[in-house]
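Here we start with a single chain on its own, the form predicted on its own, put down as structure tokens.
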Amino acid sequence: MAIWPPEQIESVLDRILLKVQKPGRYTGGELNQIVKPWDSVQTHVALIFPDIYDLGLPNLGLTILYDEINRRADALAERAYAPWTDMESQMRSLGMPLYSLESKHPLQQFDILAFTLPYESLYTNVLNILDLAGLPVLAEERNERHPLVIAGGHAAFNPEPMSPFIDAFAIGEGEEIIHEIVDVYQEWKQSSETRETLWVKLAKIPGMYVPRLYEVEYHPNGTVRRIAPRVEEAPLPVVKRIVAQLPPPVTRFIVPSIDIVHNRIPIEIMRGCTRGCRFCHAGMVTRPVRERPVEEILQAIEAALEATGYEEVGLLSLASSDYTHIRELVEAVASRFGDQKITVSLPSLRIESFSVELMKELKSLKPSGGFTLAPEAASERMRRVINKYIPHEQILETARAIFSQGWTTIKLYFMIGHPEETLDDVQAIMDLCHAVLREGRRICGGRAKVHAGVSTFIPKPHTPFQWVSVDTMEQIQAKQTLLRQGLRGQGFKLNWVDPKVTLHEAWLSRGDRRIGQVILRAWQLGAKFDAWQEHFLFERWIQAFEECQLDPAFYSYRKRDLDEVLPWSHISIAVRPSYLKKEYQNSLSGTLRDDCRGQCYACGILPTFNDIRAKTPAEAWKCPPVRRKTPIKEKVTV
């Protein structure tokens, strides 16, 4: 594909934008975008969200990197998203390359292409974007003339399925590592050394995984025999990166010119979680907990309101009510911004009356929609298995408080398919929904509604359940049929996930390096926008598995041995494998673990980062003190 100058791209855009939906996805020019003179900076980075603009623009991870890179005088960051199918058709018919929104430079002219991978159903879109940019999709086919292709995000904690396409993965948090990547790239670019030298230099950055510097061997039964470095400089394991203290929040958010999924100011009030839910990937990989001071949050809200004109603020975390100073924060937000007619949301509240009290205090700030609770399981036995124990009566007490405060809709989120689950446990979901609706009707009559969202559990890497299997298609369908029959009628709404979508995510999240062949073949067969129901075609993936001579059941239905080398064993989230195994064994006996803010259970996270923790104010780390002065070295067999 020929390299188009920005002027040519802009000229063609003038002709084709009236032929596509939502032209504002492709024009840039939004309030608060940053446009630097192209020739005035040394390094050009394209930040890419591999889905449409509507979903990618509010992504907080890319927003943070956009701010970090553009603070440098020697680099710029611009944005690109996946064009919707109508725009892609126009571009392919004209041979037009994918470009950045800010300067309209084609992606192939950038030095670094940085993808975020928050979930696995975006994988084929990554290949499609590389192809639209005129670049080889396979990393081994790219050379010194091509951009460096990197990726990060939660899905990158198992990088193996995408390793044939990505040059290097940033494992963990990006605020600091992105600068080190740029520095290493600049040093390499000035040296005129080989591309292989760049891989070695990148591998020396803590938290960087360069797939081509590692080899994977398999047993005859298809399981991983070992993962070994090819060169001395490649670390084993690759330990994730964290920032010891959260930097000040971004406040100059880009304001879109079209409607998107989240038109609001996102302020992260804390990072990490100490609850230890055994199914929760995010809770494990984001440890340890770090909090922002109340005044810093208030100043960020004030600055962001001034810079954007938004009327909604989201105070984000995995568990908002676990924030140490949550009541002080809520009271201060209500006091300072109560007369500005803005909406403030506190997602991820715990099931407790305290959460209702918090929302009550925010009523002056127009909280919208229903009240959301996430029991995840409805029987007390299953809550012990997953380590999210909430007494049945506490859920009903919270529901009564919610309805009594004027909310008429409660949204309940559950998972089916947890380890050791039976149909009786699924029946308990229906029983709980009916009990909550009865409480609502007693308090607010026929206006009471219960919306049940039921997803299907997928055992994710780096969690205590990473060794268990996924429910079969037949098991999932039987459980969903039971729920559909039991949650009919006035006052109920039920949402569920297609079992085929669940299996697709399981293959990609639990796969090894060979799954890359399947991803490539599925894309060649037309797979893209797999997260969109109207575009996801299960049969393409089954055909891809068959042509690659791999068994999809091997990745979904097979229970792993506790001593098996897992495809992600060489990636460390700094939580000890022995801790994850112990938690899995606790699940089998129904043994509960309390919140680890009160007692340290030696997961390994704090000793691993004890060196940077010592340099950080104690107020920022909400975990028990570490008594050991040196990290425990646990042997990792990969």
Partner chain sequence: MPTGAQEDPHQREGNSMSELTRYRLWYARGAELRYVSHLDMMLVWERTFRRARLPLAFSQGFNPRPRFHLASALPLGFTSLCEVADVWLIETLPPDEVQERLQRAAPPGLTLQQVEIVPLHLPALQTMVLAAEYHIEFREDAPSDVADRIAGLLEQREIIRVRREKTYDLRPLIETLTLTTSSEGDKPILLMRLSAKESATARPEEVLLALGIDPTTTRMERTRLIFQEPIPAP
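Numbering follows the first chain given and starts at 1. The shown structure was predicted, so the numbers you read here are calculated from the model rather than taken from an experiment.
Not pictured, yet referred to below: the form predicted in complex with its partner chain.
I258 is the sole member of A282, I258, L562, A228 with a non-hydrogen atom within 4.5 Å of its partner chain in the predicted bound form. Just one of Q599, Q42, T591, T27 comes within 4.5 Å of its partner chain in the predicted bound form, counting any heavy atom, and that one is T27. The candidate stretches are 425-433, 180-188, 194-202, 339-347, and the one lying within 4.5 Å of its partner chain in the predicted bound form by heavy atoms is 339-347.
Not one of N128, E217 and W523 is positioned with any heavy atom within 4.5 Å of its partner chain in the predicted bound form.
Its partner chain in the predicted bound form comes within 4.5 Å of a heavy atom belonging to G309. Under a 4.5 angstroms non-hydrogen atom cutoff, its partner chain in the predicted bound form lacks I612 among its neighbouring residues. Taking non-hydrogen atoms only, L17 approaches its partner chain to within 4.5 angstroms in the predicted bound form. In the predicted bound form, C623 stays away from its partner chain, with no heavy atom inside 4.5 Å. Applying a 4.5 Å heavy atom cutoff to its partner chain in the predicted bound form picks out no residue from 449-468.
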